[in-house]
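Here you get one chain, nothing else, as structure tokens; it is the form predicted alone.
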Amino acid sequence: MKHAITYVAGLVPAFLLAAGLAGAADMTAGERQLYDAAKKEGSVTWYVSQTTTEFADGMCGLFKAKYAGVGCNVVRASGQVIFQRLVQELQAKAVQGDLMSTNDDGQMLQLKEQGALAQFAPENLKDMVPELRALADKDNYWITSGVSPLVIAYNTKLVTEAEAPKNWTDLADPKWKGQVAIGHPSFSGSVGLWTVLMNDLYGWDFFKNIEKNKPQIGRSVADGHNLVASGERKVALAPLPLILSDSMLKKVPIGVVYPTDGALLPPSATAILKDAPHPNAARLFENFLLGPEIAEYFAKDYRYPLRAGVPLAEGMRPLSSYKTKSIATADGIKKLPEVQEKFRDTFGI
């Protein structure tokens, strides 16, 4: 993680300066109104599984630089852990978080049906990439706050491009015995959707065959990426932005395979909680997530910017250039419990 810490520490100050220079003078009337109300509330608390702690801290740093006097607190864990924490707070009628960001929009649909979310349409929605805006809730209970395709990572010091897997079923090849890493669908929202997708495509035999290779199973989808980056495993299920950021910016020996049978495209979603302790700060922060500072921050870290007109990082492939697959929100909710139980039975954890 040394590389990540070094990068973020070096990147954020430049953004902080830019954001600070933009400052209050560039605010719209609506943004100014939210800012004034948010200052009275003091801070915003962000429950997030969408990205790493370091990257989320960087986003909070940009927010605090632009909106002086409004604090930003990151509470980061894997998708299911954050979701269960929020569910417990709702049951106790003691909600502590203001917003939640997740890679599993099925969680958002469940919260919406429970009446736990606040309806809000940020001003910056109008500037989003139309295809990404369309992935959000039509009633404005959540926005699309990122897209991180799940692909295959391999260690380029240990595996040549020719030897690397070409599709998901290649991970079951006996030559990868003891060399595969994946996440756990009971902890990671995006891994849960990937498990549903693999079961839809190939049936449960896919996982029975993977089990024969004795994979390393982590809680977060990022765990597999980290194991490949360190050389502890050769191949893994991993988010594309982490692979590209590490390989292009930090020269980590990690390569990407765009599976011929389709990368999973789980849209990340962010919603404001109906009982948020700091509702105005939450609205200000959600609008900020769709603003120019975050779009540029994403692009510089090899993530897909949400805002139209912001170019991709050099060498980054457009989403339309490779095969992707998605799981319908209702389908994910219906099928996830069954695959989580099967996963525990098959892998024993």
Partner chain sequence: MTSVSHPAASTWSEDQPVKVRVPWHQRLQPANLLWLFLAGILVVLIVAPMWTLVVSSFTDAKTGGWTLHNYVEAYGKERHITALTNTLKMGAVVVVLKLAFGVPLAWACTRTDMPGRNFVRYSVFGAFIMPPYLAGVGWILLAGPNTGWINRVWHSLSGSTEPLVNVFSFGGLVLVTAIGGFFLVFVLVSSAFEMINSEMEDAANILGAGPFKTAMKVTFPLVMPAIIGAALLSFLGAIALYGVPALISIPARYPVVVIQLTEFFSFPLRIQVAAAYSIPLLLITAAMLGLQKLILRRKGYVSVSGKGGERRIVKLGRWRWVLFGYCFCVVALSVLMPLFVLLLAAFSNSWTTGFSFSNLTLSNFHYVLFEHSSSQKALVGSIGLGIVAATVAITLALFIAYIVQRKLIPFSGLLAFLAVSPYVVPGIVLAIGFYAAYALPPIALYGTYTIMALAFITRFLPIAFTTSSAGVRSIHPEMEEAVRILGGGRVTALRHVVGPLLKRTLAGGWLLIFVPAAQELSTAIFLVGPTTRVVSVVLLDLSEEGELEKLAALGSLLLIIIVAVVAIGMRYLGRDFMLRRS
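Predicted, not measured: the structure shown is a model, and the values here were computed from it. Residue numbers count along the first chain shown, from 1.
Another form, the form predicted in complex with its partner chain, is not on view; read the next lines as being about it.
Judged by heavy atoms within 4.5 Å of its partner chain in the predicted complex, the contact stretch among the candidates 161-169, 126-134, 177-185, 143-151 is 177-185. Checked against its partner chain in the predicted complex, the residues 199, 247, 156, 96 give one hit for a heavy atom within 4.5 Å, which is 96. Of the listed positions (109, 74, 256, 265), a single one reaches within 4.5 angstroms of its partner chain by any non-hydrogen atom in the predicted complex, namely 74. Contact annotation for residue 194: none of its heavy atoms lies within 4.5 Å of its partner chain in the predicted complex. Residue contact check for residue 84: one or more of its heavy atoms lie within 4.5 Å of its partner chain in the predicted complex. Contact check for residue 301: no non-hydrogen atom falls within 4.5 Å of its partner chain in the predicted complex.
In the predicted complex, no heavy atom of residue 275 sits within 4.5 Å of its partner chain.
Using a 4.5 Å cut-off on any heavy atom, the residues of 36-54 that reach its partner chain in the predicted complex are, in sequence order, 45, 47, 52, 53, 54.
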